[in-house]
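This document opens with one chain alone, in structure tokens, the form predicted on its own.
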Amino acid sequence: MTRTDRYIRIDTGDGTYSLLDRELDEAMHSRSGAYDEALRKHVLPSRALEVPRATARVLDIGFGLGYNILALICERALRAPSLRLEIVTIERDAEIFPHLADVRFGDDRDAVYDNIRTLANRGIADGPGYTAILRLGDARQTIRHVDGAPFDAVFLDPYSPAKNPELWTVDFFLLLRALVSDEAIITTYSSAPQVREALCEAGFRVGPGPSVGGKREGTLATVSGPIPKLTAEALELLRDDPRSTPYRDPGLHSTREMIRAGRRDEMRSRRAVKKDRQAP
């Protein structure tokens, strides 16, 4: 694999580095700390390491530099050494993979990260207590070919809804609903109202996720698992705000602009209805 000039290395506050996608003008991680974000936004709030079974299945949407998987594997060794992990991760852009060669931590994480590189190169990696499989392609399609028992946790970590709306739609979340157990927890850094509303329409209840590095809170979603609740005020705002209008992608093949345009149209209709109701 050869490098392109699409991605630029950026340093983050915890000593790990991230990448800036020049095509989307967006970084993959918080500048406060890329690895710290993976641990505190995804691994710990997902409760994947607290599953009361011998094996936990985790779906990672947005492999990137592999930090979510790295943090999960490292924390398993510390917190749940008897637990076995079955991990499936999805990534659309193989142009990222050459940048994995530069990642160094200077501690025990380096040995695990060697296997993350193997995963990117071969599509599969095994280590003490875990197996990981990489699916390359558009998650809307590759997710349909994921087999096995329901997932116990999902790390939803694509680019932001504004830049990558196809992975934040009601229709994509309905696919996720069919793949997870009722107790599974979905973690994401986004607290956008359209994301929370889409999750609710897909059959999940939502709650606040951790705030990391000074950034606003994320979102947790589940059917019946243990997550914090939104306040009554927050729920009322979510229901009433036209900005909560979710992205939709009924055929799961629409372009980004089509998805954005559909939401804009629905928002206009929703605002018009709200205005009529408020008229004397």
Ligand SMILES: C[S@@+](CC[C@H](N)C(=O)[O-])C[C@H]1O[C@@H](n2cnc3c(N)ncnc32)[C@H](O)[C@@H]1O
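Start at 1 and count along the sequence shown; that's the residue number. Quick caveat, the model's predicted, so the values are computed rather than measured.
In what follows, reference is made to the form predicted in complex with this ligand, a form of this protein that is not presented.
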property: This ligand in the predicted complex: contacting segment from 190 to 198, 117 to 125, 76 to 84, 133 to 141, heavy atom within 4.5 Å; result: 133 to 141
property: Heavy atom within 4.5 Å of this ligand in the predicted complex - residue from I90, V103, V112, V170; result: I90
property: Any non-hydrogen atom of R270 within 4.5 angstroms of this ligand in the predicted complex; result: no
property: Heavy atom of L176 within 4.5 Å of this ligand in the predicted complex; result: no
property: This ligand contact in the predicted complex: P161, any heavy atom under 4.5 Å; result: no
property: Close approach of M28 to this ligand in the predicted complex, 4.5 Å, heavy atom; result: yes
